[in-house]
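Just one chain is shown here, as structure tokens, and it is the form predicted alone.
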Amino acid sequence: MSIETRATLLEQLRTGSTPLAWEEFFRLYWPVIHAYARWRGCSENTAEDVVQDVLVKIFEQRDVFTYDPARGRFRDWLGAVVRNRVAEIRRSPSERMRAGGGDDVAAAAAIDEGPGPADRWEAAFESAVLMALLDVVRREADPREYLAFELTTLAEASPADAAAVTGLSRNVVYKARRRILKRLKDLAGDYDAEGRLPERVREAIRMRPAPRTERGLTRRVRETMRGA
């Protein structure tokens, strides 16, 4: 499955015609940028700096949002921007350590094994897509039934334990798990290859930054955009 940035969102970002467009763009893409920076060895503080730096760069270059499919995927352009910014940090770790009050950025310079930068970007993007799909399913479902699904499928709790927590019968827990998982698979398409969708979603959840990180970044980016 391929989830591409909608042309309408890109146009709204370019013209500034819809204030919520930036909010939506931030919500969709900050986890991808943050996850990639972390996987490349950046500390938490430095990963947040990367998110802010990249978003400011995008804000300043609005012409990039003129949608032209012939130029390729937007996600590839964004990936190049993010990889270049992280590479700059890896080349100058001491400068970032002073700016960040002691970030352990030097660890980033030692990470040269495993998947290459492009593969890491794709993995980060995939993780964010799965989280976005999970959010769609969560908003569609009954809250208690979604909790039952989360407990049994993602937390791997027993149906009896899920029934005790949610107040649902075990029969309803079974039905909710089956129905919500089917909906997630319908949305996920190729992400369910080899029947590994629940496992891949669990991994994406483990990699998602803490809520306090999202709150802090949201505040920082809003303040930066207001001053830009």
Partner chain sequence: MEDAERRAPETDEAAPAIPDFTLIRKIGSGGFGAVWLAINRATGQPRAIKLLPRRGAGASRELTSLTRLEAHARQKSPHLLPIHHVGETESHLFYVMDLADDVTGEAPTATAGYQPATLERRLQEGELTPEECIRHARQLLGALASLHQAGMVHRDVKPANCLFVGSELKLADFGLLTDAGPDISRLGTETYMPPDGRMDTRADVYAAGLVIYEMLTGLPADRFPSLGPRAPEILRDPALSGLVRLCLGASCPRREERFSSAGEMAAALEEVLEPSGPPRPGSTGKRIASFTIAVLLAGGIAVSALLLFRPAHERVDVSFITAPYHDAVVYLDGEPAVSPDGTLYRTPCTVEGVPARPTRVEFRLEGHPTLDAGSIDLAESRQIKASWPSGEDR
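Note that the structure is a prediction, hence the values are computed from the model and not measured. Positions refer to the first chain, counted from 1.
Separately, the form predicted together with the partner chain exists; it is not shown, and the next lines address it.
- Using a 4.5 angstroms threshold between heavy atoms, Arg27 counts as touching the partner chain in the model of the complex.
- None of the heavy atoms of Val81 is located within 4.5 Å of the partner chain in the model of the complex.
- For the chain shown alone, Thr166 is a contact residue for the partner chain in the model of the complex, at least one non-hydrogen atom being within 4.5 angstroms.
- For the chain shown alone, Arg144 is a contact residue for the partner chain in the model of the complex, at least one non-hydrogen atom being within 4.5 angstroms.
- Checked against the partner chain in the model of the complex, the residues Asp192, Asp53, Glu44, Asp161 give one hit for a heavy atom within 4.5 Å, which is Asp161.
- This chain is displayed alone, yet in the model of the complex one of Leu133, Ile89, Ala124, Leu151 has a heavy atom within 4.5 Å of the partner chain; that residue is Leu151.
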